[in-house]
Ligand code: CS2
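Heads up, the chain below is alone and in the form predicted on its own; it's given as structure tokens.
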């Protein structure tokens, strides 16, 4: 009986020397001290902010910006990374190439829910000057319609009741309370999630949570925050699909070491950061980030062009039976639809910075979305639609209605979401089961609808998503009714073809 081949050794500081110099981290991980706490230790952070931070340390020689990454929802990422001393591989892929690099900027890993004291201590450490956040839209536990903390959220209510905090906003408040008490000095809290005015929003939510402290402490903490804590807004952009078992096997084979925590991404990466820091920060601009006084035009372009196209393709492509973005965009009508969504609906609502080549940017988006080397699941993009629609699609619809411009393609995307959330796939064998914090509210509303008009009316009544204004817009409602009707009768692809070609 043959003996099975031993698996390759695990990627770690002890095995790093076996890699070629082009694969090893750009900086020596052993020499790096922690200066950043990151909340939300997912693939996106490790493919984006961690790369910018490592490259900034290389460019300047300042090795005090290592990252302590806190995993929020489960310990899985920590369990994979700790045996590897925080090392992991980034695989940047396009149709022609795959570039690998091992990253060493992530120097500590902790599970926030299992170690609230350790997280609080790290946030109050005087050597930490920056906290970054990537917890997705729903991680902010806010009401998207009002922009305020959702006090009816059970997790928010439990944190308000005094348990060790489990939501990001209250974890930040706990860290700031300790930082204030210990005189640890200024800190910047940098939101890196796809939300308009993400820094403004996070500042508001943290302040609202702090206001629930006993009055004397609340006043003192808020006064200290006003002088010592900033919340820069940012735009982040890099496509990072979920890593598969096949990716792990392939990357480990290329390394000759087993990496249980690689991330796969595209070559493109963008980070625009508001220049609002009282404490020191990494020289991210030396690594290609844009530091600017006004992030809003950049974030609006990204949300209404790239993210809107992503969501539209997720729902309409998902209804058509496609599994990935690249597969959906291989259909010429879906690709043309995405282009017209950007050109005809979104572009007229944008404030484009001087000198910015909007046409080239939109062309790059289509090329990136069609990248066949990325198996970006439509189901992954479709998740949490109730949180994404308001900023990716509905904001464009509102501006179009106010300005008298087109919103034909936006309406079709929203109708796609309505259909996606309320029907089974064509074969009726594998139901679409959306991951969404408002899935129950959507199901309840849809249960009483027996035709497209009533379905649209009932779903528009979910104020957390649509607010009162879109519910009352006859033009918006009428367009949705027609699109939902066509999607039900003709399917997604024929509906798109009729809209594009009039047949």
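This one's a predicted model, so the numbers in the text were calculated from it and none came from an experiment. Residue numbers count along the first chain shown, from 1.
Only in words, not in the display: the form predicted together with this ligand, which the text now covers.
Contact with this ligand in the model of the complex, judged as any non-hydrogen atom within 4.5 angstroms, is confined among 254 to 262, 231 to 239, 95 to 103, 210 to 218 to 231 to 239. Site annotation in the model of the complex: the residue of 397, 306, 320, 189 reaching within 4.5 Å of this ligand with a heavy atom is 306. Between this ligand and the residues 195, 381, 412, 131, the one pair within 4.5 Å by heavy atoms in the model of the complex involves 381.
Using a 4.5 Å cut-off to this ligand in the model of the complex, not one of 177, 179 and 204 places a heavy atom inside that distance. In the model of the complex, this ligand sits within 4.5 Å of a heavy atom belonging to residue 302. Residue 388 belongs to the set of residues with a heavy atom inside 4.5 Å of this ligand in the model of the complex. The closest non-hydrogen atom of residue 122 lies beyond 4.5 Å of this ligand in the model of the complex. The shortest heavy atom separation between residue 419 and this ligand in the model of the complex exceeds 4.5 Å.
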